[in-house]
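Just one chain is shown here, as structure tokens, and it is the form predicted on its own.
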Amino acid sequence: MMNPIYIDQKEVLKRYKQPDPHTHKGIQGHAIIIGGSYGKMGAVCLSSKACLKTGCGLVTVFIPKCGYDILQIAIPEVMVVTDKDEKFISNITFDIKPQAIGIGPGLGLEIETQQAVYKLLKTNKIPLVIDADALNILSKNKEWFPLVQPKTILTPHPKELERLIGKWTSEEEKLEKTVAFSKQYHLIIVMKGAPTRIIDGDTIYENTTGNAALATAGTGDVLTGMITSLLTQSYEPINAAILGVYLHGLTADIALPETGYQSFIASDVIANIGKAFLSITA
């Protein structure tokens, strides 16, 4: 296996773009987060708030009807479009032209939802981040892999990765299989873990930020929102993944002295995104 490129401050500064002081929300890009199902609306709240806090201009969520009040009250800055179904997504349609889409947080695995994901993959040409149940839907329908646009970003945790590429017996085999998968379908794989690695064909990046505080529910949903936001701001997919993973880990490093490992939760990632950005350029 190739030696990894370490994602540290130097590597990130090569890719980071300072915002134009004269920008406005129309230039900062419009993201769509697709997800949520009955009992799992929190995932979309986390994802969409993280998306806004990472700098894109506008965020719309596409969710089932049951999440309408929740989203409008929890995050007033986010716009809401609802599916015709009450408890899950069955038909993904919107009139907006977003710069990037994040799909999967809290999505659920209903058959109708799977069909809706299939239709999106078949027609979509917009930069995409696939996470959580959208990954699990892909794993259940492996014949759909070729539909996924080149340079789409997949963000599996170890169990989701196993469903995508099959079991492995060593760390080396896991990397080999992920590299082969990335090359076969021209995808960028963010292998969440300690450390998080990003696979882009034969190139392996290894993140240097983050700690055990991130091992808590919802931090993956936050990462999806962050990477989607960076894609929306016209970062190349690999740079969006690198910068997103680095900032995400950095929030836990910044917060740790105050929260300790145990009491850090996904909302604390979001609360510290601003400080993470400031510390990149400090």
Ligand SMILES: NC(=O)C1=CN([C@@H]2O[C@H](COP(=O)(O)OP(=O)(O)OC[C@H]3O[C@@H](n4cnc5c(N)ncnc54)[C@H](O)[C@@H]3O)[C@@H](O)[C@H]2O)[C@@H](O)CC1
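Since the structure is predicted, the reported quantities are computational estimates derived from the model, not experimental observations. Start at 1 and count along the sequence shown; that's the residue number.
Although it is not shown, the form predicted in complex with the ligand is what the next lines describe.
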Open vs blocked: the ligand (in the predicted bound form) superimposed by pocket C-alphas, blocked if 3 or more ligand atoms lie within 2.4 Å of a backbone or C-beta atom? open
Using a 4.5 Å heavy atom cut-off, which stretch among 68-76, 116-124, 81-89, 97-105 contacts the ligand in the predicted bound form? 97-105
Indicate whether the ligand has at least one heavy atom within 4.5 Å of a heavy atom of A217 in the predicted bound form. yes
Contact test in the predicted bound form: S182 vs the ligand, heavy atoms, 4.5 Å: no
Please run the contact check for K40 against the ligand in the predicted bound form: heavy atoms, 4.5 angstroms, yes or no? yes
My question is simply whether P150 lines the interface with the ligand in the predicted bound form - judged by any non-hydrogen atom within 4.5 Å. no
Site check T178, H186 and G201: each within 4.5 Å of the ligand in the predicted bound form by heavy atom: no
Which residues, if any, of 128-147 lie within 4.5 Å of the ligand in the predicted bound form when only heavy atoms count? A132, D133, N136
